[in-house]
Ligand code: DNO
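The data below hold one chain only, encoded as structure tokens and taken in the form predicted alone.
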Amino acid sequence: MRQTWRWFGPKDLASVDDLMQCGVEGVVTALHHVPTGAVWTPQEIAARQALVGRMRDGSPSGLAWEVVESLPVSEDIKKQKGDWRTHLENWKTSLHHLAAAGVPVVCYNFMPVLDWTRTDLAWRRPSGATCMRFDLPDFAAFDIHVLARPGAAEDYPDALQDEAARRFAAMDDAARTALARNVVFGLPGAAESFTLDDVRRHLAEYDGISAERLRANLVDFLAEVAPVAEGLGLRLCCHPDDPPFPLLGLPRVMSTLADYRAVLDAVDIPANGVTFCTGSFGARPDNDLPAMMAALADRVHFVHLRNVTLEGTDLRNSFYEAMHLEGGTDMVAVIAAILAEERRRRAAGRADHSIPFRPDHGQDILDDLGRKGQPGYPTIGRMRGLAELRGIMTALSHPLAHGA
């Protein structure tokens, strides 16, 4: 398992020097400043590689840009409207430029409108640490009363509607504004941010697009880009929905094993693969993560390791970001399944036998608190997570673990 770290570029509070001191082996980054739908030029790619490759004093870091996260897929492509064909060709051109620069793995997602959703970006835990949280009644309060989406109340059972009304009534204007800001925070590091009117406009444009239609659009997209990636020696990997259930009346098509199986089978070439995110999959109680990893293993090109604690057994639940070895996911079993796949790949002579992973999210602890870093991406919290995950990897890889 190749130990990587998500880095948001020169504005990231964690420096390349910090990454080296955390012991990472490769960097996950993206050209967040380039507008969605535009071409990633060779010059911009080279500039980011140069930043990754140097420490503050100018000496070589020994690190390289190994995974793109993310090359964004425009809303036009997802809806097959507007400038989607131009955006599609630009996406292909960006793949050519990334391949020429030697960046082998490209993560993306196909979530409509909002790339991930939380209601609280700094929820305090009993230890004093903070973490991101999705509170279902608060989200319903946003949907029904703040966004005022037509028909929103029909998507929630009566008891949840009543609790959402109580929550909304208890909020002052500042609390309502903060809730809306958290929900529409969007993709971390992205060039775009959404207002409520932007969200309403996008929702209106998705009216009439069913889950079946969105999945068909994803398959159409992959039928175009995956053969290009295959020819270039790139690996594409789709990130699951976060959370992995419908929100705001929008379809979700990458939440379960069946969802992935349908898309992988529809475009059945090795370049069409999976970003296996334990946090996103783990937010559904019906997802068996070790079994999913085993079932999808051959096409897993990138892994996010994080944990969540669910607060119920329904399909939709409140949840919060737990420490990496806490929460509902059996991280030891998941890592064991990843290591088993790596052994299988080595035996088969596959060049991609070492699967890149990164410690995803994390709780803000120690000096993370008050630093105002990227929500979900604290330096020390992720470093703790990486150390814990590295310990599991080391133990499971030791000869004693195999009876030697």
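Quick caveat, the model's predicted, so the values are computed rather than measured. Residues carry their position along the shown sequence, with the first being 1.
Form predicted together with the ligand: not shown, discussed below.
*Asks:* Only one of H304, R284, R299, R215 has a non-hydrogen atom within 4.5 angstroms of the ligand in the predicted complex; which is it?
*Replies:* Exactly one residue meets the criterion: H304.
*Asks:* Let me know the one among Y108, Y156, Y260, Y206 whose heavy atoms come within 4.5 Å of the ligand in the predicted complex, would you?
*Replies:* None of the others qualify; the residue that does is Y108.
*Asks:* When the contact criterion is heavy atoms within 4.5 Å, does D120 count as touching the ligand in the predicted complex?
*Replies:* No, no contact at 4.5 Å.
*Asks:* Indicate whether the ligand has at least one heavy atom within 4.5 Å of a heavy atom of S70 in the predicted complex.
*Replies:* S70: contacts the ligand in the predicted complex.
*Asks:* Within 4.5 Å, heavy atoms only: does H87 come near the ligand in the predicted complex?
*Replies:* Close contact is absent here: in the predicted complex, H87 is far from the ligand, nothing within 4.5 Å, heavy atoms only.
*Asks:* Considering only heavy atoms, tell me if D76 and the ligand come within 4.5 Å of each other in the predicted complex.
*Replies:* So D76 does not count as contacting the ligand.
*Asks:* Can you check 59-67, 38-46, 359-367, 336-344 and let me know which stretch has heavy atoms within 4.5 Å of the ligand in the predicted complex?
*Replies:* Careful reading of the contacts points to 359-367.
*Asks:* Residue by residue through 6-22, tell me which have a non-hydrogen atom within 4.5 angstroms of the ligand in the predicted complex.
*Replies:* The stretch touches the partner through R6 alone.
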